[in-house]
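Okay, so here's just one chain, in structure tokens, the form predicted alone.
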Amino acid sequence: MRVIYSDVLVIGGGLAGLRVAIGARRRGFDPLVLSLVPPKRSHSVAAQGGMQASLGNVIKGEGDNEDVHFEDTVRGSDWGADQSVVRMFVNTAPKAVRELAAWGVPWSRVRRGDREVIINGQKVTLTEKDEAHGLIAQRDFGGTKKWRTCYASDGTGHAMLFAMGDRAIAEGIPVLERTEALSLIHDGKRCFGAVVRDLITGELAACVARATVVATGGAGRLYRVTTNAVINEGIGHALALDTGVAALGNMEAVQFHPTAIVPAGILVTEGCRGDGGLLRDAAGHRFMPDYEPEKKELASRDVVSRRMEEHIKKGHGVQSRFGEHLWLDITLLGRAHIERNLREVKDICRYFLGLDPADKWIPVRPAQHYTMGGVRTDHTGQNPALAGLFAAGESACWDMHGFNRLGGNSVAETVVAGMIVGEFVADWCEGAELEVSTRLVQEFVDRERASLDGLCHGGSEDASVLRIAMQEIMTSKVGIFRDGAELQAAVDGLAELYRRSRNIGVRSNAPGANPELVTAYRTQKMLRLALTVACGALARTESRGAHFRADHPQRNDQAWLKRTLATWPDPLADLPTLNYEPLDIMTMELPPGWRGYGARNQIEHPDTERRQQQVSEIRERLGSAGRFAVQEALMPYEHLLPVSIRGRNERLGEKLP
């Protein structure tokens, strides 16, 4: 048995994982990163539009601050987020974007004077301040009151990941590429690392560490059409679920992005609409103002996706041999703007659609995009049930996004969570001795070897067939619109597929690279994860954020203002175990209210009015003392942050004393 020792084992080489590793290294610990692909090919590279941080540099961002960003994020989450975590995030985001600038990210910059932009389909002249010249520029994104999204043209993720990768190289952080974690090593109370498999040689090894961090990104490949990369199969989520101890939070909260190209499903950034692009139907009619007259195309993503699908169902979709779609029109932005700020979109349209978006409309339809749920953690990023197990980024339920994520908050979360969780991981390592039984490690390695041997000498089921069937069920029955009967059919169908997966066999037992074997063992994990999503959605008889139940259209705070916690304690069981974690209204800075979309349609929690009265009284009593004093009285949070990250942020209109 080969054993590899490190202080911190990071599973995942994207933005979140690399930033955690950098944080641990800077505190004097030895991290080791596992990655399915070279880190600079991680899915973080696909983020286009930008990351949110309340810098307030551009004229349309004037007056922005942490309070405004906080309220946008909590409303966007449909009050499913942990508000203390949101406060930690909005405080740290400006620090993170400035750190990335220092590391070499070529952020687009403000230019003084007049510039033409498109707002609500009309050309508008904005005049940027002289003192803002050269500062980081920001664009509009959906669900926000201010222009807050920092960007590097439309290749933001690419620029961020390459800068982060270079920093990791400079810090001397080792990366095991083409290496996959098969299971977490644990004793039911403490995590000690993972059993890993070299995807080239097939060799198994044990990576033993004081702290283990899951940073594997999303689970989009549970669905047939997704903007996620082929490596985003939710395996990090499944590793935690397979422990039987660690819980996954809010797995039914799945976001669909409005503008995936048809038929490939590749994302074209929200920056297209943020910069002024319009959604049109088969007749060329701009339909979003009919549904959302205030925010229009820049309503929250879950809202825009539902409105698009509703419009198609009404018979306004464009017919094509790939199914119906709608149009995204960015021609009004002009060729110069597209070639400067939306270059990646232009290339995607050219290579995958054969069209020039400066001249022709882009065929789009909503597709699965983001997994709000993930490994449940506390504010430090650590799982409450399995000491030493941390998670960061999209694979975590920290819980910053609740039931809907605002655009630009995810790529921001990767680096912000990486900064924060990296410090807490280092704190943990300072006090955590690595004492693990060699016998325990050997048991997990032997178990995984036996499982792989069983597949190589197994039954008659084809994993690829099961996977395709799973994706069809998830797409057709656990999608943008849900109802009880369809969800029950999904649970029944997925459970049957999961039972069949116990009889998977592979035709090749080649000891080295074996894609058929990889598909087999990943499919079993994905089916458990799909069942977790479907069971959570069936049980939640309300509509909240991206989880919309046609048979329960109200948001029900009285019964459902709580987080879903899913575990799989019995490995022989066909379904997960669901429990719930209530959200305490009486500690909220922003009590539940109306999001601002459509008709007000919610069942109030009995504590909402009482908490709102308390909040109003505090604001009235302390208003003259300033926003920081008010915020501290409403919901203290700064003590939760690592000491090195605390402190206020400076802006043009808000200088530090």
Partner chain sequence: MNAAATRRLRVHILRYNPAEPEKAARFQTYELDEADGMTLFILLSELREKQDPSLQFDFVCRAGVCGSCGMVVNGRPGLACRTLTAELPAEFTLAPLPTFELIGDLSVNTGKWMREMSERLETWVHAKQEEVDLRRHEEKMDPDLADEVYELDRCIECGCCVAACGTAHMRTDFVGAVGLNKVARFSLDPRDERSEADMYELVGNDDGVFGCMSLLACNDLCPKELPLQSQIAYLRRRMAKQGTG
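Positions refer to the first chain, counted from 1. Predicted model, so just to flag it, every value in this text is computed and none were measured.
There is another form of this protein, the form predicted in complex with its partner chain, and it is not shown here; the text below is about that form.
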Exercise: D242 in contact with its partner chain in the predicted bound form, heavy atom 4.5 Å: no
Interface membership of V58, its partner chain in the predicted bound form, 4.5 Å heavy atom rule: no
Residue contact check: P38 to its partner chain in the predicted bound form, 4.5 Å heavy atom: yes
Residue contact check: S464 to its partner chain in the predicted bound form, 4.5 Å heavy atom: yes
Among 257 to 265, 328 to 336, 203 to 211, 278 to 286, the region lying within 4.5 Å of its partner chain in the predicted bound form by heavy atom distance: 257 to 265
Partner-contacting position among R190, R447, K360, K95 - heavy atom within 4.5 Å of its partner chain in the predicted bound form: K95
Candidate from A550, M586, A102, V124 lying within 4.5 Å of its partner chain in the predicted bound form - any heavy atom: A102
Sequence-ordered residues of 198 to 227 touching its partner chain in the predicted bound form, heavy atom within 4.5 Å: I200, R221, T226, T227
